[in-house]
Structure formats: C-alpha cells, structure tokens
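A single chain comes next, written as structure tokens; it is the form predicted alone.
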Amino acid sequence: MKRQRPALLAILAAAALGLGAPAARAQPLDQMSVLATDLKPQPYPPFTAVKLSDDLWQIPGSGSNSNVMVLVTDEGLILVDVKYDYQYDDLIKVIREKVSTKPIKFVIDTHYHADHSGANVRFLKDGVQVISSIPGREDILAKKQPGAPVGMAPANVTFTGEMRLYLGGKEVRIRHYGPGHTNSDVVVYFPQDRVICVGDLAHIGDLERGGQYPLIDYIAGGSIGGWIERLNSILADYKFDRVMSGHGTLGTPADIVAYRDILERVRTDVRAFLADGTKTQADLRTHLNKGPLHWPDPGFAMVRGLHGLYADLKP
C-alpha cells in the first residue's frame, strides 16, 4: 500500500452527549495479570470477502479474530475493525484482490480490544485516519487489556457522542453511547444499506465466544446494565435490516433482541443468587459454573468480568 498524506476529515457533526463510564467497584482476580493465552498469535484460515451490496463487503473472522466491514466509495475505503496486527498483510491482500484497490481512507475501531484494533499501528503508518471513541484511545494507552500485544497504537481521531463521516457521497454514522461490553464500544451505521456494525455488543451464531458467556470488561468500564441499555438504544435509534457483530455470522434485529435477552437472564440470575447478601465472589463463580447458566470455568469471559459482576449486582 502506498503511503498516503493524512486526509482532511469529512466530519460535519461530533456532538457531545455527556455519557460517562463508572469505575468497577472491586478488584479483579489474580488471573487477570497473566491471562494472555487468547491474545497470542493463533493460526487462522485464509480470509475471504463476502459482498453484501454494491458498496459493502464483509471480511469474516474465524476463531479469535474479528469480522471486518469494508465500505467502498469513489474516493476510497472505510474499514470497521482491522483484526490483529499479525493479520494485517492477509487482510490487505484479500481487500486488494477481492474488494477494491482504492486507497483506504479511514479505519473505525468498534472498541479497544486487540482482536479489533491490533492492526491500527500498521494502518497509521500508511497514513490512514483511525477513529475511535475517546475511551477507546485511553484504554489502549493505559494497557487495560492483559497480555495485549506490545506496540498497540490508539486511534489518532477521537470523539464523544455521535460523529458523521462523509466520503465519496456516502454517509457513515458512528456513535458512542457509554459503558457496555467495555466503556469504549461504538456502533457504526450505514444508512444507505441499512446495515449496522455493533462490535462485541452482540455475538451472533457464535455461542462459544458470546452466547450465554458475555465478556463484561469491568476493568475497562464495562457494565452488564449499561450493555443491556446499549442494545435497547440500538433497537430504538436505528432502522437496519442486517447487523454485523464482532464475531460470528451476519444477523438481523431479532438477533440483537435475543442477545439482550441473554444478558437480562444473566443479570436476573446473578442478582437473585446474591440477594441474601451472604455470597462471596468465589460462591458466585461456582454458581455460574454449575448453575443454570453453565458458564465455563476457568473461562476467559468469567475471569475478565466476574469481579465486576459481583460488585455490580450484590445488594
């Protein structure tokens, strides 16, 4: 890819909504400091490109790497999420061979986790403008993700509230609501195609990574209550026919409803279990593993969020 001069941002609105992310009220388990297994380079099958419309393509993820959306315009490309740094060359290869040879103008991070933003560093070196919420940049700089690859680069363009990006006659709406899966999650809406990208605010057709085992990143300001509110806001605020989640298959609004219901079941179950005020964090871990939710133990999602879930829902 040729090095580009940084383009002027075609941003006409970036309104602040004043949404904050509360800090977690309990300390994480000791495993947090060494939980890096999921972030080590893993083998993966060749990337493919799936055409969704005349101007929109998906590069599906597999295993631990994320889905990528590509918007093609006359003036260049906009990418949503960019996988890990070590997957950059293969990602560029499939885009160039299957999608378009037009220059990549913008990358949008749905949140700060390395499987979505790890390749930022390579795109920034190419002169691409990388966009995230303000917490998305701050979380990368603060190294909030245990075991994250060395040298991760945050976005060089940040916003709060809503940003509208215009390129080649196409409009992209990017919105940061507040705490959910993390404190940095944004949704990306393509109104011309009625398609929305929600990152890890939902998992569709991917039960083992998402499903009943939501990774609530309390260390980075996530919140199960906020997550449920985010999904309700998405359903109320956008008219969309298809949704791309961070992992798994393409879905519909019904899949957002279904995932919200999973989160509500988790919250109801945990709140009821802790209601008498006598349960410890260890008790909750055992309950989640052996109770009706069957949360795996040790599980990455449990270790990442158990401490915060306990502090959040205990009476």
Partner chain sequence: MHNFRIGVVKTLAAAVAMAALGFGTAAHAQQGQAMDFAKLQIKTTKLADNLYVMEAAPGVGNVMMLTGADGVLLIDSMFPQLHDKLMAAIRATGATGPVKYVINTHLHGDHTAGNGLFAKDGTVIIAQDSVRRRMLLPKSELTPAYPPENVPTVTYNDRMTLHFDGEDIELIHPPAAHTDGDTIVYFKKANVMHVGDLPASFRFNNIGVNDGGSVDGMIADGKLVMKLANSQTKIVPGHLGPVVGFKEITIQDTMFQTVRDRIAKMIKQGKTLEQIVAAEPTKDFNEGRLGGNITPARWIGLIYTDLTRRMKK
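Numbering follows the first chain given and starts at 1. In this text the structure is predicted, and so the values were computed from the model without any measurement.
If you look for the form predicted together with the partner chain, you will not find it shown, but the lines that follow are about it.
Between the options N156, T73, S233, S100, the residue in contact with the partner chain in the model of the complex by a heavy atom within 4.5 angstroms is N156. None of L91, I219, I196, M163 but one reaches within 4.5 angstroms of the partner chain in the model of the complex through a heavy atom, and that residue is M163. The partner chain is not shown here, and in the model of the complex it never comes within 4.5 Å of any heavy atom of Y84. Put simply, R137 is close to the partner chain in the model of the complex: some heavy atom of it is within 4.5 Å.
Heavy atoms of G127 reach within 4.5 Å of the partner chain in the model of the complex, making it an interface residue. For F190, no non-hydrogen atom is located within 4.5 Å of the partner chain in the model of the complex, even though that partner is not displayed. Contact annotation: the partner chain lies within 4.5 Å of heavy atoms from the stretch 148-156 in the model of the complex, the single such stretch among 111-119, 148-156, 180-188, 223-231.
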